[in-house]
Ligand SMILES: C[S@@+](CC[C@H](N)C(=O)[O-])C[C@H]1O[C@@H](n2cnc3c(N)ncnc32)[C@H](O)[C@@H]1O
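Okay, so here's just one chain, in structure tokens, the form predicted alone.
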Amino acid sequence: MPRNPSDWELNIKRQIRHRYTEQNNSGGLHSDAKVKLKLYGYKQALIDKLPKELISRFSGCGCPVAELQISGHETIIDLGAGAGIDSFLLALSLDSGKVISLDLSPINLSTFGKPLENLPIYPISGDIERVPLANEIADVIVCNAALNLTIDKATAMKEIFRLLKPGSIFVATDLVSDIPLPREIIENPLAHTTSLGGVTTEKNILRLLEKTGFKNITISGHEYEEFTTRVIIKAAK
């Protein structure tokens, strides 16, 4: 069982929830969301399928759906689903399968609304470090710029492993940094809510995946930014 969170962790999570609630209420993070989507790996054909209310709320750092081959019958969990962009695109590829979309902010999930109401998407509010779902229910787990928001990454990895069926896969796009973050970021009490305070090294991600029991681990697609590097993480149970 995951340990109980400290008061500090609970406060950080409240700040994260507040930040994404405010972002959702204001209409999104990027004024150039379509440009960001394309820059981060979403092909134009995928972007064209997205409702505008989802496009405007994009807050990922890559395109995990581009890394998957879907048969249409999978149970997929989208961790840190946000407004539901990846959930929406994955659901379009499903026949008898379903997408369970988990996010820390219930307000994020409320934007699913009409665009997703006829799709096999089931939004739930929850914490990646304490997922309210049974063991071994997922054929695929995706995560887009959400691992860096977790406080206890070892616990988060264990939860992902627990949820996956044997032989199933985990695909994430996330941020890593192998250089010390600037002091103004480290000392910023709100840094965790901007995806920077919780960023870790590529070496640590690999170590945690291996320690948890994942196999066939790859970390690729390195795209360098000012303080961090965007990567694609793949692993199998």
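Since the structure is predicted, the reported quantities are computational estimates derived from the model, not experimental observations. From 1 onward, residues are counted along the sequence shown.
The same protein also has a form predicted in complex with this ligand, omitted here; what follows describes it.
Enquirer: Is this ligand in the predicted complex close enough to 86, 104 and 146 that every residue in that trio has a heavy atom within 4.5 angstroms of it?
Expert: Looking in the predicted complex, the three residues 86, 104 and 146 all sit within 4.5 Å of this ligand (heavy atoms).
Enquirer: Residue-level question: is residue 123 within 4.5 Å of this ligand in the predicted complex, judged on heavy atoms?
Expert: No, residue 123 sits far enough from this ligand in the predicted complex that none of its heavy atoms falls within 4.5 Å.
Enquirer: How about residue 127: is it within 4.5 Å of this ligand in the predicted complex, going by heavy atoms?
Expert: Residue 127: contacts this ligand in the predicted complex.
Enquirer: Look up in the predicted complex whether residue 36 has a non-hydrogen atom within 4.5 angstroms of this ligand, and give yes or no.
Expert: Residue-level check for residue 36: no, no contact with this ligand.
Enquirer: According to a 4.5 angstroms non-hydrogen atom cut-off, is residue 81 in contact with this ligand in the predicted complex?
Expert: Result yes; residue 81 sits at the interface with this ligand in the predicted complex.
Enquirer: Could you tell me which of 50 to 58, 164 to 172, 201 to 209, 65 to 73 sits within 4.5 Å of this ligand in the predicted complex, going by non-hydrogen atoms?
Expert: One stretch meets the cut-off, namely 50 to 58.
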